[in-house]
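Before any questions on how it binds or moves, here is one chain, the form predicted alone, in structure tokens.
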């Protein structure tokens, strides 16, 4: 049995560290003391979640409810708790300090183990209906009554979705390997297992029960895979030089879906692995008609106007995600699904098969009604590829996707199995996808608006940190500015995100949780003394004349552009 007070002490030590090696060793020592019965719950708690994203479990507790619980436990009035929070910027620090000086002591405090804390948090998440908020506060109060100040710090942060540990999944995977072998030798099979089921708690439990099973992990229906990611190159010549003879498909600007079927049961998952099934009844019915008993495939969903014989934009397609009026939306914006890969079929894991074989399997299954097969062409030369690319742009599409004919499906990996070539903007190599970490108030001509621009960051995979790359002040309509300000107000935080490296010169008026992804275009990448992307000897990388293209609600922050990609794009611009 592992007590949560021991977990909290390790979390405190992790907070003081910035290096992944130190964090890995601290976690590995904690994992060694944890039983196979508890390890999955400890992994989820470390990730700041209660279950993988596709389970859709949300705590649903806001700051005011946490403040009420802190006041009840500490004996301080609610107003004093709020006052302290305004100064600290972190309710976790507030409860830590106030419980250290609490005016009233619990009469029956007992040590909490990992299972107790996890189950109590799960109870909060699953409490619903009339009076549910009061019940949630009651459950949280009971936990805090049993907590030391350090335990309370992390429990409060957890219920607010702000654990602030700065520990990413790669560090947890390293620590799992080190806990059993003393080194990272099992990192690769652990990572593959995670990528094909998207449930790190399940992987850890399986690993602790029998390490041998990790090498035999296979794809399973209703445990969605991490989506394969495409690399980018800037010219047709580079693509052919890299992978040679390849398959080319037009790159549609649609909504990526991963489809799972077993018998008549169907689930649809977004690229963020959220369940979308209830939003797309027309797709679900079409999938049920497939002859295969069990299948997992991926497709790009686009809203289609049959009268005009044209596909709608990404933004219009995304309207199908709305929670109300789903039946009407199905009629107004019927979808076509371009099924571009198959990962599992009637008990067979196809992810290790080369793309050419997976495509042949697709051709035996599709087309079927709205489930279509994307056109593709095998090309041998860069001139053939360039011709297809120009045709794609002429038809108003994003570009092309080139696929290595011999490559397996690389779940969760950004490899040159797939290479995207998109229309350039100005002199830029490509667009970037960044996560919003803050926003600025409107000034000058925008003084009437409470929104004047975004601070955007990319991800440094080596450090496990977010790094700023642009202050984006253009590309918005007035309506978009109003909507963005309202949306970001809901996720404002007092302190900068825990995993963000930033320069005070770029400090926004308001920090926000790193939740929303934006696609931005730019003229070129320049060196910057104030942006932290790839910072080396006082110079980072920044976007010159960045412009917002669109929000990407279909993408998670795990899919944003990496620092290394930015550095590579900068290098491809030629002499500086």
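Just so we're on the same page, rigid core means the largest C-alpha set that superposes within 1.5 Å between forms. Positions refer to the first chain, counted from 1. This structure is a prediction, so every number in the text was calculated from the model and none was measured.
Omitted from view is the form predicted together with a small molecule, to which the following refers.
Although the small molecule is omitted here, in the predicted bound form none of 471, 531 and 567 has a heavy atom within 4.5 Å of it. Per the 4.5 Å heavy atom criterion, the small molecule in the predicted bound form is contacted by stretch 547-555, the sole one of 547-555, 63-71, 534-542, 43-51. In the predicted bound form, at least one heavy atom of residue 418 sits within 4.5 Å of the small molecule. Remark: residue 401 counts among the residues lining the small molecule in the predicted bound form, judged by a heavy atom distance of 4.5 Å or less. Although the partner is absent from this view, residue 300 contacts the small molecule in the predicted bound form, with a non-hydrogen atom inside 4.5 angstroms. With a 4.5 Å cutoff on heavy atoms, residue 199 does not count as touching the small molecule in the predicted bound form; it lies far away. The single contact residue among 368, 378, 229, 405, judged by any heavy atom lying within 4.5 Å of the small molecule in the predicted bound form, is 229. Residue in contact with the small molecule in the predicted bound form (any heavy atom within 4.5 Å), chosen from 84, 271, 372, 139: 271.
When the rigid core is held fixed, the Cα atom of residue 201 travels less than 2 angstroms between this form and the one not shown. Fitting the two forms on the rigid core leaves the C-alpha of residue 408 displaced by under 2 angstroms between this form and the one not shown. Annotation: Cα of residue 399 displaced by at least 2 Å between this form and the one not shown, core superposition.
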